[in-house]
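In structure tokens, one chain follows: the form predicted on its own.
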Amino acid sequence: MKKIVACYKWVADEADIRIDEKSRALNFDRVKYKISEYDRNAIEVGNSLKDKYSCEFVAVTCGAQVESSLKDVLSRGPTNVYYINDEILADADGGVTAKVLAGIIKKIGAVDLVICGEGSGDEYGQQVGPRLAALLGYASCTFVTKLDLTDEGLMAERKLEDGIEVVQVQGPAVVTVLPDINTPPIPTLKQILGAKKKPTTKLSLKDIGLSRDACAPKLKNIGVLGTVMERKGICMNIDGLSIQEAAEKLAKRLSADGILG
């Protein structure tokens, strides 16, 4: 029986973030958290493969306050979730996250396939998947839009800028999937209630051989500001001009502003 792991990140719901009008600073006071949208695709891929091939399927996460995510992720198909909840990981960058996830996956042992979202819903750094593959010594396959298992590993379709590439990968492997790969369903009431009966496995940094100093991020976020959009609000046919006259007026205005050459 093949063993599949889906990695996910517990992120702030962007719909709840407010922007201060004067300072443009982001206000997280009333923010709720959720599983990253991209990682929901990864979880659904793992769940589909579990049902199709009778694989063992578990989820993995790390961060601060991730215990709030356990019921949600288990309602989406995994039979267990392995996690590390530590405040030192609140500011973890892609390198630290990959290091911790690799430690958890090694602790699980004999994992054949690791599935990640192409990026996270907050920073979208697109680094964790490839870094994780390097740390585990696994093959790496990115931008996946279709995935199937084979006796040797997996068959995947990758979405590139100039077309679709079909690759056969010898396992074990880490793949990162694009949102095109599926539409994650909303868990049913039965699945939500069933999640309460599923086991969870809490680990510590010490359990995977990492010190807190080793989890200090290399990348420091010094600030994030909301964007400012200023519109001139000019109506080109306010005087009842024809479409052609309005278009000519618009072209002249854009040229005057240096937008058109």
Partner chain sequence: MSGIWVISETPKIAWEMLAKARELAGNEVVTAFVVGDYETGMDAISFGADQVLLLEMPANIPWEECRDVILKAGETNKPSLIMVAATRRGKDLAAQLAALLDAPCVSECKSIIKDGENFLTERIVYGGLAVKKMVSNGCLVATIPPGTYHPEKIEGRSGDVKQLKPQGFKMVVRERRPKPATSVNISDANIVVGVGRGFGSKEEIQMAERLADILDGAIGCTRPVAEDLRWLPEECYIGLSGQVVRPALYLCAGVSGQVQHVYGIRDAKTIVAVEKNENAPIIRIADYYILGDLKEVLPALIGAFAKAK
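In this text, all values refer to a predicted model and were calculated from it rather than measured experimentally. Residue numbers count along the first chain shown, from 1.
Below, we refer to the form predicted in complex with the partner chain, which is not included among the displayed structures.
Undergrad: So, in the predicted complex, is residue 76 in contact with the partner chain at a 4.5 angstroms heavy atom limit?
TA: Output for residue 76 is no: heavy atoms all beyond 4.5 Å of the partner chain.
Undergrad: Given that the partner is absent here, does residue 208 sit within 4.5 Å of the partner chain in the predicted complex, heavy atoms only?
TA: Result no; residue 208 lies far from the partner chain in the predicted complex.
Undergrad: How about residue 151: is it within 4.5 Å of the partner chain in the predicted complex, going by heavy atoms?
TA: No, residue 151 is distant from the partner.
Undergrad: Using a 4.5 Å heavy atom cut-off, state whether residue 193 contacts the partner chain in the predicted complex.
TA: Residue 193 lies outside the contact set for the partner chain.
Undergrad: Name the single residue among 167, 186, 110, 189 that comes within 4.5 Å of the partner chain in the predicted complex, judging by heavy atoms.
TA: Contact check passes for 167.
Undergrad: Given the stretches 154 to 162, 81 to 89, 101 to 109, 67 to 75, which is the single one in contact with the partner chain in the predicted complex, using a heavy atom cutoff of 4.5 Å?
TA: One stretch meets the cut-off, namely 154 to 162.
Undergrad: Going through 15 to 29 from first to last, which residues have a non-hydrogen atom within 4.5 Å of the partner chain in the predicted complex?
TA: Stretch hits, in order: 15, 17, 18, 19, 26, 28.
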